[in-house]
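The chain below stands alone and is given as structure tokens, in the form predicted on its own.
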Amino acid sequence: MKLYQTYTSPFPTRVRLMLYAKGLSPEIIEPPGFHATAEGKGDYYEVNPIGRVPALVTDDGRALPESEVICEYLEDAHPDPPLLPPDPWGRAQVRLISRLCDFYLVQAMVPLFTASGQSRKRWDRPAIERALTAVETSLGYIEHYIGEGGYAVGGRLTWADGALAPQLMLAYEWAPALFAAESPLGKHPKLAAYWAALGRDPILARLLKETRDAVAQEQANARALARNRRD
């Protein structure tokens, strides 16, 4: 089994949560052409013609894109330990949190991702402020539905945590630091309590460390690339 992914993208994070929790150890491959680089994606399009990460290649060579679909596949193919609640309502809540992250929080952050790849002189400050407001609004949606048992849904790990945890790191740490903005941390009590509890789960703590380390490295790469372009 192979997982094509990058550690800075939040989408592969939920797949890695599934893999870690289920004791699976695929080969991790970081394809070229993502984030702060001048490389193209090249042969990666042969693995995933959509050109995004993640993509999972099974032992028999079949490739599967899209993080949520990969999670569904891994849950079906490797049901123990389960990463979905046993009841229909709990399963719906996992899928709801993931959907709120993907369709609201991620989309709100798109202008911030775009700005992060530009020089500060080119930043559209009104667009950035609108995006930060949209991020806080999206967090409010998740606040309404998130569980209060230390995890996103119920009292144990599900793949909703893999969807939410890296997005909160971006909202609470990355975006405020980069754009000199006020952090939304603490404005939503249930989310703040969830964030404070994340480090107590070893898998979530591992995922957050991987994301933080990758973001720091990516920022260093972006600075080096900018210097090379000036030279």
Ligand SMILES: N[C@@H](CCC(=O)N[C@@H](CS)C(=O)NCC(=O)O)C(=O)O
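All residue numbers refer to positions in the sequence shown, first residue = 1. In this text, all values refer to a predicted model and were calculated from it rather than measured experimentally.
Keep in mind the form predicted in complex with the named molecule is missing from the figure; the text below concerns it.
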Original post:
in the model of the complex, does D201 have a heavy atom within 4.5 Å of the named molecule?
Top reply: no
Original post:
Would G51 count as touching the named molecule in the model of the complex under a 4.5 Å heavy atom rule?
Top reply: yes
**OP:** Determine whether any heavy atom of Y20 comes within 4.5 Å of a heavy atom of the named molecule in the model of the complex, and answer yes or no.
**Re:** no
**OP:** Mark W174 yes when one of its heavy atoms lies within 4.5 Å of a heavy atom of the named molecule in the model of the complex, and no otherwise.
**Re:** no
Subject >> Candidate stretches 22-30, 181-189, 51-59, 201-209, one within 4.5 Å of the named molecule in the model of the complex by heavy atom >> reply: 51-59
**OP:** Could you list the residues in 1-29 that come within 4.5 Å of the named molecule in the model of the complex, counting only heavy atoms and keeping sequence order?
**Re:** S9, P10, F11
